[in-house]
Ligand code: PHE
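Let's start with one chain on its own, the form predicted alone, as structure tokens.
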Amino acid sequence: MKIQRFSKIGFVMAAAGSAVGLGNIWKFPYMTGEYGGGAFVLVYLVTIAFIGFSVMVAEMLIGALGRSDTVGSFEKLAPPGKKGWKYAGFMGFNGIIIMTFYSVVIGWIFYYLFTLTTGLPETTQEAKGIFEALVSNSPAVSIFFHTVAVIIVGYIVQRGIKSGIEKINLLLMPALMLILFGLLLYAFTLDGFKEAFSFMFEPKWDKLNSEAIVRAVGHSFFTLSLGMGAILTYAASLPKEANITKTALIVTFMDTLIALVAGLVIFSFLFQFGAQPQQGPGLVFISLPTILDNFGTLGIFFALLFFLALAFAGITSAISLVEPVVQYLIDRFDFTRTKAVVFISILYWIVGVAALLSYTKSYGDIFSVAQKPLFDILEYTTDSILLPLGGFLIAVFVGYILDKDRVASQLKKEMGNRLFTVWRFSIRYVAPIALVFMMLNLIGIIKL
């Protein structure tokens, strides 16, 4: 089957769109706030450089050499006698598991965009009440906006590589960066910016505990969309003359920059009015709208811009989560793209409805296991087990299974001998050990 090709800039924007998601703008700031700022950020940046970048190059390499769906690429590249490695390609299904709850969160963002035009909550209690009413008491509203998210993502993916995925990323990624950097320019004028910068970039080592280190390593990996087959699937459509190393470096840089900018913007607003950064997952949905209310009418404008940026980030990541399985169904079962998209969309929509109902007061007990909501089970399973496992398999496959001469011939000309030696050491030893340790720690087998 002929695979459509991205343009060079189209691939960079699509890969960056896959990496830049809710993890950058929602999760990174609240984790930075929870774990003390600068020290957490430093560990995050180090692991991005020595683990995230290495695994991204490896995943792009598999896609660029395999030129197939996730399963097909591993199957083509595995040497004789080791074709069982094709099963590593089923990491592409991780994205659909993530979409079962990711589209629910995108739906919440759409809801906030819809309601913010009427005004912002004046108190944290009021903001908390709005969020809890949506999540716990309004399943019909959540299902409606979840459905809207599924339809939008499905439509884009159905349009294909050139007309859908590339085109929307060429539109939304520049718009996302324009919004965030516009908010950053305004943040520069606030007295809270200096305190925000100090909080994020001056390490306070007493705040850096073992849990913070593990979470920083885990998030640096999660935020790059690695281990779910998205980057691999996109790389199968990479132009043949593209430089894998340079492309991975650009995507990693853009992803990290946007996370840092989002953190500076949020903390500048918080510190401007004396709020505390340790707000947890409710930082964006509860604390930020309340703080922005202090700006009056301008606050509503800022809130709309920020949630619009969140929506753009969510959509660009969501389409990359769906595409690997769509491509698998097309390649393996001769599905049309439309049939594959409809089938997958219905599947994760149904599970997504069950996930959002697990948070409601009326149906929570029905859709929970051992008193743990299905939403939390899905999120924990992907974050703690499936994505790190996918990254581990990528690192081992490229580091030990894929023909080393083939790897060297592709990457040495891009990296040079010295950088290639460092990268190969990282992909063979640093990344696998770190990922195994992270998985064992998160599932409680070992503790620091």
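Quick note: we count residues from 1 along the sequence shown, nothing fancier. The model shown is predicted, which means the values in this text are computed figures rather than measured ones.
Another form, the form predicted in complex with the ligand, is not on view; read the next lines as being about it.
Looking at 152-160, 119-127, 95-103, 73-81, the stretch with residues near the ligand in the model of the complex, meaning non-hydrogen atoms within 4.5 angstroms, turns out to be 95-103.
With a 4.5 Å cutoff on heavy atoms, P432 does not count as touching the ligand in the model of the complex; it lies far away.
Using a 4.5 Å cutoff between non-hydrogen atoms, A19 counts as a contact of the ligand in the model of the complex. The ligand is not drawn, but in the model of the complex it has no heavy atom within 4.5 Å of L310. Residue contact check for S317: one or more of its heavy atoms lie within 4.5 Å of the ligand in the model of the complex. This chain appears without its partner; in the model of the complex, the one residue of S142, S268, Q327, T223 with a heavy atom within 4.5 Å of the ligand is T223. Just one of A262, L321, A248, I109 comes within 4.5 Å of the ligand in the model of the complex, counting any heavy atom, and that one is L321.
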